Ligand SMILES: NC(=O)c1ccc[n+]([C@@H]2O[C@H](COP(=O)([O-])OP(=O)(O)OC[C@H]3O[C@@H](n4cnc5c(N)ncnc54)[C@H](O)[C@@H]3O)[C@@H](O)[C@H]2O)c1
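So this first bit is one chain, no partners, the form predicted alone, shown in structure tokens.
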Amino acid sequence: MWLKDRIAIVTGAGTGMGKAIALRYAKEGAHVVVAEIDAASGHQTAAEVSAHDRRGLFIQTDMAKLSDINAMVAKTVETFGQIDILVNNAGVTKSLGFFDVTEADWDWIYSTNAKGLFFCMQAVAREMAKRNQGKVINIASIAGKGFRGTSNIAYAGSKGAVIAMTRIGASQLARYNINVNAICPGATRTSLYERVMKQLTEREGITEAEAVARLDASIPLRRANTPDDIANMAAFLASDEARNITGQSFNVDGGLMWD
């Protein structure tokens, strides 16, 4: 077990990549805090973590609210006494053309994807620094590296911010023996992916099958990610096997992007 008895927080762990990461961490021996805005899916993931004979704790958290973030971190420390791993996974987007992005869209996307991610990282790192150890894994996107097929320009900008904050965070937290890395998923078959694809088909007047076929054809390995593909990388980066890796942004995308 790579993560035996570690305490991990996974944000947005009710579904998709976050849920896959939470369950993989449980299999690797970690106790997992499920920080999720949706109570039903959050409770479900926590129950599935507990089914692996690990403790799963659901804490309802809106990542756009600093008060929720701070309360979630405080509850984690109160319950477990420490935090070893943070996976900043929660994120939002929708399919929008260049001229369709509004100020409300921008604020909605950045409040969770950039602002919420930073302040969660800051609050958790403050606790990690007390013990001089920790692993932070930020879920970015190849959109943050300029992937042309991004859902919208505001989302791409927010994920570019995640990549930059990962590098600066790694530099400034290294003195506390805290590793900070990012995972940049490509197309990943989650409920969010399905919603974006539905919006795309409606906007462009094509069928969902045509949209999926177009996307898969653009991937060198000819397949989109499953959530487990992201969980595999997240497990490695949280483990001692990755103890000397920090400030990096790893693409998991079937070969869509090379940098």
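Not measured: the values here are computed from a predicted model. Numbers for residues come from their place in the sequence shown, where the first is 1.
Another form, the form predicted together with the ligand, is not on view; read the next lines as being about it.
Candidate site formed by D38, M63 and Y193: every one of these residues places a non-hydrogen atom within 4.5 angstroms of the ligand in the model of the complex. Taking non-hydrogen atoms only, K135 never approaches the ligand to within 4.5 angstroms in the model of the complex. Though the partner is left out of this view, I83 does not reach within 4.5 Å of the ligand in the model of the complex, counting heavy atoms only. Residue contact check for V92: one or more of its heavy atoms lie within 4.5 Å of the ligand in the model of the complex. Using a 4.5 angstroms threshold between heavy atoms, S141 counts as touching the ligand in the model of the complex.
Look at 183-191, 74-82, 163-171, 118-126: in the model of the complex, residues with non-hydrogen atoms within 4.5 angstroms of the ligand sit in 183-191. In the model of the complex, the ligand lies within 4.5 angstroms of a heavy atom of only one residue of 103-125, namely T112.
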